[in-house]
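To begin, one chain is listed below as structure tokens, in the form predicted alone.
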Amino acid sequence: MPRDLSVEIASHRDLGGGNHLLEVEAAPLARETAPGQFFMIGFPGADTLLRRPFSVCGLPGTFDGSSRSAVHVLYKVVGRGTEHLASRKPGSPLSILGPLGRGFDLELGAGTEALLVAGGIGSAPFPALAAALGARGIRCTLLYGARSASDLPLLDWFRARAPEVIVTTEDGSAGTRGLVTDPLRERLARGGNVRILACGPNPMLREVAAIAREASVPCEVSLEARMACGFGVCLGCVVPTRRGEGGETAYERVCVEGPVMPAEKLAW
């Protein structure tokens, strides 16, 4: 059940490249949020009318030194709302509605390898996800792509904890020059019991879904969408999906039926 909470910022780290890691103390969220869900965050005193959606990045145990009631949000400054958020210091008030939406399926089965495919700030839900899967004995490989090295937030955290991290950048400033879908194809060509969990810009997700379909590999994608309410009323975040054996098109809400959806369900 979502809760509407008034909280204060516990810590706020500037990671460079416009990326920030925000921490708040909110015991109900820490207990009830699952990897892949999101929060709607408002900024009391600011002139922004609507809250903004943010993926949960960290839960208790995700980041060293965090408390049992800490939750984290990773975001990039891209507009007015995130500019307001980036200007807020520890102790500043926030309003948080959550947890919202459908998270990732954590029951992957023994012997399954999780291929986490992230595009830039699309890595936001993966620290909490990788920690949860690791606690279940699931091996996680991160395929992390971005435009440049400055667009790879928390890369050191992933390298310290994931068994394997494969980095690609479009300009070649970190890892291998190219797109994150290139090493994904190479990894799937080796076979094995794998499942793809992806988050990033829609063009990347569409290509990941196509690659997964060709390889007959299960794939879940976490969608990004503009939304006004976060709980299914405004219908501003609908996406086309396929239903039934005939594949009829239907529209579903990213904030309720998602943000995590089976890739084969979407009418790309």
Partner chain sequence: MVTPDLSVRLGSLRLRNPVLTASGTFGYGLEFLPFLSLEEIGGIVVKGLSPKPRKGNPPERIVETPSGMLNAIGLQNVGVDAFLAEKLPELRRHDTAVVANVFGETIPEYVEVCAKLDAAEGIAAIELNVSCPNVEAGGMAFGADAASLARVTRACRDATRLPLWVKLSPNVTDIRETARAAEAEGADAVSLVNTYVGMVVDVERRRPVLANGCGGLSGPAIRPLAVWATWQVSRAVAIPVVGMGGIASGRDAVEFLLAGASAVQVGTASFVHPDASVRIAREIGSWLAGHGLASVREIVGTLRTGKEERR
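These figures come from a predicted structure and were not determined experimentally. Numbering follows the first chain given and starts at 1.
There is also a form predicted together with its partner chain; it is not shown, and the following applies to it.
Stretch-level contact analysis of 206 to 214, 221 to 229, 25 to 33, 65 to 73 against its partner chain in the model of the complex, using heavy atoms and a 4.5 Å limit, identifies 221 to 229. Taking the partner from elsewhere, residue 8 is found to have every heavy atom lying beyond 4.5 Å of its partner chain in the model of the complex.
Remark: residue 97 counts among the residues lining its partner chain in the model of the complex, judged by a heavy atom distance of 4.5 Å or less. None of the heavy atoms of residue 60 is located within 4.5 Å of its partner chain in the model of the complex. In the model of the complex, its partner chain stays beyond 4.5 Å of every heavy atom belonging to residue 159. Contact with its partner chain in the model of the complex holds for none of 16, 141 and 177, as no heavy atom of theirs lies within 4.5 Å. Between the options 185, 147, 80, 136, the residue in contact with its partner chain in the model of the complex by a heavy atom within 4.5 angstroms is 80. Residues from 1 to 33 that approach its partner chain in the model of the complex with a non-hydrogen atom closer than or equal to 4.5 Å are 1, 2, 3, 4, in the order they occur in the chain.
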